[in-house]
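Just the one chain here, the form predicted alone, laid out as structure tokens.
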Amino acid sequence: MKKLLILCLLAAMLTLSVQAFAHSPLMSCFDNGDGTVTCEGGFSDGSSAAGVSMHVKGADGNVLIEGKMNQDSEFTFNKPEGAYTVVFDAGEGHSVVIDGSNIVE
């Protein structure tokens, strides 16, 4: 019985430690008013998003623009014609998608 209790405590500690190190991706984008859009990204634990892959997709899902967040965790691109989405892609379970219609000045 004592071994079972110790095993349960270890499992609980592992679960809590994983949650302590978990971080969620964050991104916001705004229209610069000059035909460009800037997106700022990061993670809920305060870590930088520098180097995170960015994709701008058209309404048909095709990739129109690809790039990466810069050292300041920003990505600026020319605003596409028509409907589009912006994808912050930091890997499985760490992506954010923003519809272009929600990006305003």
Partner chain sequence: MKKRFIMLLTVACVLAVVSSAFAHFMVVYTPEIAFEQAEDMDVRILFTHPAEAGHMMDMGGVEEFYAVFQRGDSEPKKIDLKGHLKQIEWTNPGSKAPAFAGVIPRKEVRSMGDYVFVMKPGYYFEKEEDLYMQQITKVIMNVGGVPGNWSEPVGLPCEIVPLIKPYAMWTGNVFKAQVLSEGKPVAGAEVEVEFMSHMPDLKTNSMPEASSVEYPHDAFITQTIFSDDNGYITFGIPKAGWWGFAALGIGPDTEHNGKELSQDAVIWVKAVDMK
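Numbering follows the first chain given and starts at 1. As the structure is a computational prediction, the values presented were derived from the model and not from experiment.
Keep in mind that the form predicted together with the partner chain is missing from the display, and what follows is about it.
Not displayed here, the partner chain is approached by Asn32 to within 4.5 Å at the level of heavy atoms in the predicted complex. Although the partner is absent here, Gly46 sits close enough that one of its heavy atoms falls within 4.5 Å of the partner chain in the predicted complex. For Met27, a non-hydrogen atom is located within 4.5 Å of the partner chain in the predicted complex, even though that partner is not displayed. Within 4.5 Å of some heavy atom of the partner chain in the predicted complex lies at least one heavy atom of Ser73. The partner is not shown here, but in the predicted complex the stretch 85-105 reaches within 4.5 angstroms of the partner chain through a heavy atom at Val104, Glu105.
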